[in-house]
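In structure tokens, one chain follows: the form predicted alone.
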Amino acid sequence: MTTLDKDAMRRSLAGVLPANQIVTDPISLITYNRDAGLDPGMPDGVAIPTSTEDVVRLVQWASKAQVPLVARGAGTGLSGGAVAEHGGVIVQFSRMQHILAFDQRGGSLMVQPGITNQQIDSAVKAHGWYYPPDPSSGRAASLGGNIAENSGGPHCFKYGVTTNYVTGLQAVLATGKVVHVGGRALDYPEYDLVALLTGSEGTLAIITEASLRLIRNPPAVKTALASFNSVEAASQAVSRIIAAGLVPATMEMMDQRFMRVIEDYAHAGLPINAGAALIIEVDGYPASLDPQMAEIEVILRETNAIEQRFAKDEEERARIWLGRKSAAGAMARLAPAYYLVDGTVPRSKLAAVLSDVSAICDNHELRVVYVFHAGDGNLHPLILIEDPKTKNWCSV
């Protein structure tokens, strides 16, 4: 698209929504040129809808003008799903973040796509309900992005990912037609179009409302911190716990370098002299917690854990999780930038994959640190970038 074409497109866009819902200033557009990854894509404009009707008008305009649209929430994703790689207009949902309905008896919620995981958690927890999908960026991550990417998080090993909790969607198709699939009931006949849209990364429709199912808050939680001499040893413990048929609420792993970053930031009492550590959490009825943890402790001893300790109260538990979920922001202490990889492997292969990743990074003289949702095999090697201005780091 030429500069003249872009100028004409922007003038045309200005007539679709009010001026305070359109961004075309080149400087302001820089804010939207990437997500939490490093691959850029400069949009030609940004539209900020406040209703489904706004989205319909945008889609109809884009269809006629042959302009690509990219839906965007908070931009915390890692796959480029919110990046306008080939230009076009970003549809920014920051002004559509309301709870539309909350059935406190039935445990369901209807929300707009711009609402964050933290907002949902705050709204439902006080009433005894829990929305389990909890990506580590949940303080900022929006539900629409969660649905587009089918996000998981630390607790997905036991509770599942986003698709397991979305029961209905309102979405706008490429023609501007509004469709409703599923609803607030837990089971619908015919094709599971909700599951089709969940995880489709914005390629099939733009989501404007979502119905979610909630579960009751676990009555009690117990959190353990186990340390090991190496990442490989901690990975073996994870495999043994799963092979034994145990299902902790979460198993999160961190290597030494990562723990030191977190400890400097959050002072969570992490074992920074160990090679790696596991955060293991069990939940359920209070009487069940000690037996669950006792079985896990046996396996930890058998896999040569060098220390095991437990959060003595909710404050200590919250501090550990605050540190874990703030870790990405604390990475600036290690390098000016980093490339965060988000992949999933069979859980039995974790140790072997981590060994291979370390060997590859060593071969290319790249520094790497690790954090991952060990329970479901979702690992995050963070490759440190000493000089973000050069492209040499990504030529390997």
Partner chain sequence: MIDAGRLIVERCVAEDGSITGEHGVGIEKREFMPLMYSADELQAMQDIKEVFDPAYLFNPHKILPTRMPTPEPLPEPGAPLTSTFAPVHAAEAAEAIRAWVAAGKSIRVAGASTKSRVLTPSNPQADALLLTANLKGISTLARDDLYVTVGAGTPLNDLQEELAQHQMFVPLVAPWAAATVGGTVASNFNAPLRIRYGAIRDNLLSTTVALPNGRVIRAGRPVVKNVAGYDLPRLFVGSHGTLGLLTDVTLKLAPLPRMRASLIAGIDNDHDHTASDRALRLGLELQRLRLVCSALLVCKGTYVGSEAPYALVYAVEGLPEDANEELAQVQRVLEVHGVEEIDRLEEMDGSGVWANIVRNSGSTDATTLFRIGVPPGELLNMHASIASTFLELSQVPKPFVFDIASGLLYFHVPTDSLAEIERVRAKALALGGYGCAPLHAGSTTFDPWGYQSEGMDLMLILKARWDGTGLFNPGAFVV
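Source: prediction; values computed, not measured. Numbering follows the first chain given and starts at 1.
Below: the form predicted together with its partner chain, not depicted.
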> Of 226 to 234, 314 to 322, 92 to 100, 244 to 252, which is the one stretch near its partner chain in the predicted complex, taking non-hydrogen atoms within 4.5 angstroms as near?
Replying inline: 244 to 252
>> Residue-level contact is defined here as any heavy atom of the residue lying within 4.5 Å of its partner chain in the predicted complex; does residue 302 satisfy this criterion?
In response: no
> Looking at the partner-bound form in the predicted complex, is residue 339 within 4.5 Å of its partner chain by any heavy atom?
Replying inline: yes
> Would residue 188 count as a contact of its partner chain in the predicted complex, using a 4.5 angstroms cut-off between non-hydrogen atoms?
Replying inline: yes
>> Check residue 83 for me: does it contact its partner chain in the predicted complex (non-hydrogen atoms, 4.5 angstroms)?
In response: yes
> Within 4.5 Å of its partner chain in the predicted complex, heavy atoms considered, which of 278, 212, 161, 141?
Replying inline: 161
> Among 268, 221, 272, 193, which has at least one heavy atom within 4.5 Å of its partner chain in the predicted complex?
Replying inline: 193
>> With the partner left out here, which residues of 37 to 54 have a non-hydrogen atom within 4.5 Å of its partner chain in the predicted complex?
In response: 38, 39
